[in-house]
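Just one chain is shown here, as structure tokens, and it is the form predicted on its own.
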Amino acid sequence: MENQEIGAVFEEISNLMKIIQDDPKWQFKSAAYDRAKRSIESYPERLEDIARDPMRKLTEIPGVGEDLAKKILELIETGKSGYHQEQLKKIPGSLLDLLQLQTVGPQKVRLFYKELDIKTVDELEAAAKAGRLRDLAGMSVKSEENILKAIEVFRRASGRFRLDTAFATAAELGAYLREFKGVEDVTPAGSLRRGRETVGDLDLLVTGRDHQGIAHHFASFPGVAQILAKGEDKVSVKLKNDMQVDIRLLERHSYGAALQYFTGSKEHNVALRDRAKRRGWKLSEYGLFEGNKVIASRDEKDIYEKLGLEWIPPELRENLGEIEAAEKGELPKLVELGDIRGDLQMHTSASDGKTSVEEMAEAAKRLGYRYILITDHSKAVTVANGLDEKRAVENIRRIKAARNKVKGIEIWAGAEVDILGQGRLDYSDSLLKQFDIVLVSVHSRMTQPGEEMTERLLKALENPYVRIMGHPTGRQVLKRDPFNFDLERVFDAAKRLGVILELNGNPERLDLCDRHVKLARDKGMKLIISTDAHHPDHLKFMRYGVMTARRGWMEKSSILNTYPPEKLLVSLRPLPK
């Protein structure tokens, strides 16, 4: 069992305690599970490996005492926790679905259940539409509106999976398939290869000998919950996490055609087939044909070349102008992961990160980076242990001291400063000027009316010490829609003032999204791609940010953190003298 899975069980136990509240010590116990969950999910080693090592103890993990260590061991050995199962029996299971709604936490779930006997998302929606929630303690008409919006987001997200979940699943399945001797290659296709922020079904292309044996091996994967279809060249299954996976068993000679066919969006593929048809040809997953003669099939690039096109990077295959650009030889030279020279948003144990400045810097060095920006939270974000003015000054000193300890990488002192309700910043100008780079973002009052949110963001941009705006739209993938604000006005103001917008590579955010990136590109703006890392492992989120930038047609020259440190610094907004 992976750390994330153990953490998820602990989180659910904590939520169940907050809903049920049948134990006088429920607050203390739920807080203990919350602390352990955070520690487990960010722990750099697999708990299962520690548990199986006779020289190690699970209690060495921060926040894990003897009792929780026993529950972890039970999860590792049996896949279940008896205590967790006991708590689940005390309430309808559908109550846990309500926790998937933005703005609805366990205390509200308890309130709705105890006061109105609401057990499902449908019942909550009906109560909100009928105006039955507004009279409950702590609720209002606005609360009802927010819940209805959250339900809409929840329904749109049904059956979709984040990009990182899809990548992890594809990697696990790929490794499993390669255990079979007849397998030569396994390639993810579909929306995963295109780098879309969410994935519905997962498509894997498999080449090799003994297709029947490969199909049987795949169907025996331990994570399979249901076999949906099993034929000579295709197997479809539903995994235990509810993701559908289709594997296509291919002959090597048709691999290129299948890769093209199963990668492109429907609209992109229709446009290519029409292009082939106009030449008297036929394009399918088996190849490009003139009558019965194969024109191209083995190599994906050959398909595009024969159709008179440059090879189109997978991320662009959405029929949004890429075919016309490829015909004219005007496709952008997209930014690549290897172009990145540094990361400009990350957190340490000074606020809600898990490790020290030095550990983050060493991890960045291992990735070949030349600089990092430490951006611990400001005081308004109390849930993230935000720094008051005194602690912020101490943190600047701590970061500067780390520069002398970690050689070979620039370590800049920054902060993620909260944009307060009316656009004022969480730190005074006298403190802001002490940072190398100030990044600002919104973490509160996210449901402000559009005009108020727009003015709030514009006012923040006007502060002369602001050089980067973090996750500008506030959206969270599959959880929360973007803020309601005038995107064009904010983009235009940022460009005019020289404030750089961040593409946050955390797969939970990917904010800016691909459409926003394309808008920035069309306006001639430059961006940065950051990871918002809270642990060294999170630095790897850069791959998702780069994929999103590529989907927005961004080139290396328009991403500032592809620049060397000296060029980056002079490209940022000049500071007041």
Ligand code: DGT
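These numbers come from a predicted model, not from an experiment. Note that residue numbering follows the sequence shown and begins at 1.
From this point on, the text means the form predicted together with 2'-deoxyguanosine-5'-triphosphate, which you will not see here.
- Across the options 308-316, 166-174, 191-199, 378-386, residues that bring heavy atoms within 4.5 Å of 2'-deoxyguanosine-5'-triphosphate in the model of the complex belong to 191-199.
- Residue contact check for residue 265: one or more of its heavy atoms lie within 4.5 Å of 2'-deoxyguanosine-5'-triphosphate in the model of the complex.
- In the model of the complex, 2'-deoxyguanosine-5'-triphosphate stays beyond 4.5 Å of every heavy atom belonging to residue 403.
- The shortest heavy atom separation between residue 454 and 2'-deoxyguanosine-5'-triphosphate in the model of the complex exceeds 4.5 Å.
- 2'-deoxyguanosine-5'-triphosphate in the model of the complex comes within 4.5 Å of no heavy atom belonging to residue 365.
- This chain is displayed alone, yet in the model of the complex one of 143, 269, 87, 297 has a heavy atom within 4.5 Å of 2'-deoxyguanosine-5'-triphosphate; that residue is 269.
- Between 2'-deoxyguanosine-5'-triphosphate and the residues 322, 203, 436, 125, the one pair within 4.5 Å by heavy atoms in the model of the complex involves 203.
- For the partner-free chain shown, just 160 of 148-163 comes within 4.5 angstroms of 2'-deoxyguanosine-5'-triphosphate in the model of the complex, judged by any non-hydrogen atom.
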